[in-house]
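Only one chain is shown below, in structure tokens, and it's the form predicted alone.
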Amino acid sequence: MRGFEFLRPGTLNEASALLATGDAAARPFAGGTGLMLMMKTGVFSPSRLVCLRQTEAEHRAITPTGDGGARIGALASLSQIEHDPLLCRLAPVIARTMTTLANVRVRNVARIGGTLAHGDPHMDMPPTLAALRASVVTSGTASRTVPVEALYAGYYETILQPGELISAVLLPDQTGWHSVYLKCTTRSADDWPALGVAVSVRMDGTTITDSRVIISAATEKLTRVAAAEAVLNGATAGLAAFTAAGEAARAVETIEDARGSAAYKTELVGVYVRRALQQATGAGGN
């Protein structure tokens, strides 16, 4: 491993300036759970690491917002998020997702900002947050707010510009919504998934009035499936609608990797979308 600079700025704006140099080998460093693996395997050799751990405490806080939602600082650890009383009440699917997300040692170190910015489609939290209609707030020369599903441009690619960092995650009010995240692994339950499916539905009686269907891991990037949502919106919650939504979701372009062929993953998509919708609504049989 070649030598590199390791810098410790005191603010997020200072960190952004140190990263906005045009050097593609400069990276931010917070938990480092993904970055260190890439460095150890020789996939990535940095010229500069900018440590974010000494930036303002506000970037580690989880606070309520005036509209019934929550603001999650980008430097909040996954364990902090897992056990936060506000988030457990607002969106219990987050804590449920954490139970099979890597292990407690990783969750103690990994930060939510890095989890989202890493761009790995196998991550569990990005699809879960996308289904919850969450957005990220960025810092840098021009701060912007971006829906989580719009953050990804390709395999390990995001739309973040050099020097642009995620400063917070905004989670809207979840009143009336029911959400589930399911993943299919080929080894242990906490392994990288062959498929991740996150769904959220809003209902008026037995009628679905709005929905979100998100696919990850089986695709090259996190993907919102508008065709499945179109089937669900206005439909009566039940096996027929959920099966039809699963069939519509099979149209997403899946990829082959060590966890299965593209054809296998396409089959998984149809089954797991149906199962996730059944669990979210409690309708449609077992």
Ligand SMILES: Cc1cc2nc3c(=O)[nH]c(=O)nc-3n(C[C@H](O)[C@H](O)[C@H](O)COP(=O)(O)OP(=O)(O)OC[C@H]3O[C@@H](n4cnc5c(N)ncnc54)[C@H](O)[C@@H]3O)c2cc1C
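From 1 onward, residues are counted along the sequence shown. Bear in mind the structure is a predicted one, so any value in this text is a computation, not a measurement.
The form predicted in complex with the named molecule exists for this protein as well; it is not shown, and the discussion that follows is about that form.
**Q** Name the single residue among Arg27, Arg250, Arg224, Lys221 that comes within 4.5 Å of the named molecule in the predicted bound form, judging by heavy atoms.
**A** The option sitting close enough to the partner is Arg27.
**Q** Which residue, Leu239, Ala61, Ala230, Leu37, has a heavy atom that falls within 4.5 Å of the named molecule in the predicted bound form?
**A** Looking at Leu239, Ala61, Ala230, Leu37 one by one, just Leu37 meets the 4.5 Å heavy-atom criterion.
**Q** Choose one stretch from 141-149, 93-101, 211-219, 172-180: the one whose residues place a heavy atom within 4.5 angstroms of the named molecule in the predicted bound form.
**A** The contacting stretch here is 93-101.
**Q** Within 4.5 Å, heavy atoms only: does Leu160 come near the named molecule in the predicted bound form?
**A** Yes, contact at 4.5 Å.
**Q** Using 4.5 Å between non-hydrogen atoms, is Arg71 touching the named molecule in the predicted bound form?
**A** So Arg71 does not count as contacting the named molecule.
**Q** How about His118 - does it come within 4.5 Å of the named molecule in the predicted bound form, if we only consider non-hydrogen atoms?
**A** Yes - in the predicted bound form, heavy atoms of His118 and the named molecule come within 4.5 Å of each other.
**Q** Just checking whether Leu195 would be counted as a contact of the named molecule in the predicted bound form - the rule being heavy atoms within 4.5 angstroms.
**A** Output for Leu195 is no: heavy atoms all beyond 4.5 Å of the named molecule.
**Q** Among Asp84, Ala131 and Val201, does every residue place a heavy atom within 4.5 Å of the named molecule in the predicted bound form?
**A** No, the candidate spot makes no contact with the named molecule.
**Q** So which residues in 163-182, when you check the named molecule in the predicted bound form, have a heavy atom no farther than 4.5 Å from it?
**A** Residues within 4.5 Å: Glu164, Leu165, Ile166.
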